[in-house]
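Only one chain is shown below, in structure tokens, and it's the form predicted on its own.
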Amino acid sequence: MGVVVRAEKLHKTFGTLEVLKGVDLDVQEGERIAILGKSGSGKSTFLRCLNFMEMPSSGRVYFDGAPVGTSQAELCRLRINVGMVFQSLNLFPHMTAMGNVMEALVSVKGMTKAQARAIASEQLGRVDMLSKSESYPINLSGGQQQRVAIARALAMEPRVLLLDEPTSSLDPELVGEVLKVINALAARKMTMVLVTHELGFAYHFASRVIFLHDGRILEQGTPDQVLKNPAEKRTQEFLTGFNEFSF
């Protein structure tokens, strides 16, 4: 087991607003990391900087020990190997579920449509969406759309899957079906970094929990260490509203 993705002294500034203030993180192969923090702490920005959806203002990102960001070829290699699922349900509205999953396989990996369809069918089946493969996003529930988005990311066979609050835009009754899929991926030892407000899920999902505050990692450790026995006052304050629930 080695380091797949490394962030080193990562900073991100938007105008005069410094969102990330020097974040260091090693993501080990097979790890399941949950990133917690209040809104505005930099969680989503950090995730987007890891695969260069946002360009870091300074610092470095490494994939398999090699620095990323100095050439388009490096960025392409990173994005193929580090998949991302967003909080917004950003499927192509003019494509069916099958078409959405096939698209990058054809346009990025250069597969034939037959090859892409075979892989897309497998991944849609994996998230229990094969029966909806010819449905358009407008005819799918939010939970179904997010499961298609996960299938689309998995179809590229990424080494690491980044998930940016994948249930935040869903109605409460749809959250469970998406978390069930993520749990199944965790059971397969997939390397994942998850930004979430679902603290109970984070406790059972994560091998490591990170608390991000004001653009910095304030505390990290096992779920028991961070969620049950946090050392930092800010972490304790963040968890105050959740302490009536058992993890």
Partner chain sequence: MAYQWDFSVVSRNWDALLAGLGNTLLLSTASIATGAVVGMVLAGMRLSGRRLLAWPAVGVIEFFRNTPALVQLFWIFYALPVLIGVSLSSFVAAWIAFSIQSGAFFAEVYRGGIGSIERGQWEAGRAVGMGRVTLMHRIIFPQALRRMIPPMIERSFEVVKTTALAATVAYADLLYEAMSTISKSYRPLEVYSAVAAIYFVVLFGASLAAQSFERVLKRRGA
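As the structure is a prediction and not an experimental result, all values here were calculated from the model. Positions refer to the first chain, counted from 1.
Unshown form predicted together with the partner chain; subsequent notes refer to it.
Using a 4.5 Å heavy atom cutoff, none of M98, G142 and L185 lies near the partner chain in the model of the complex.
You can rule out all but one of 168-176, 114-122, 69-77, 127-135: in the model of the complex, only 69-77 has residues with a heavy atom within 4.5 Å of the partner chain. Although the partner is absent here, G110 lies well away from the partner chain in the model of the complex, with no heavy atom inside 4.5 Å. When the partner chain is considered in the model of the complex, R208 lies well away from it, no heavy atom lying within 4.5 Å. Residue contact check for F52: one or more of its heavy atoms lie within 4.5 Å of the partner chain in the model of the complex. At the 4.5 Å threshold, heavy atoms of L91 reach the partner chain in the model of the complex.
Taking the partner chain as positioned in the model of the complex, none of the residues of 188-213 brings a heavy atom within 4.5 Å of it.
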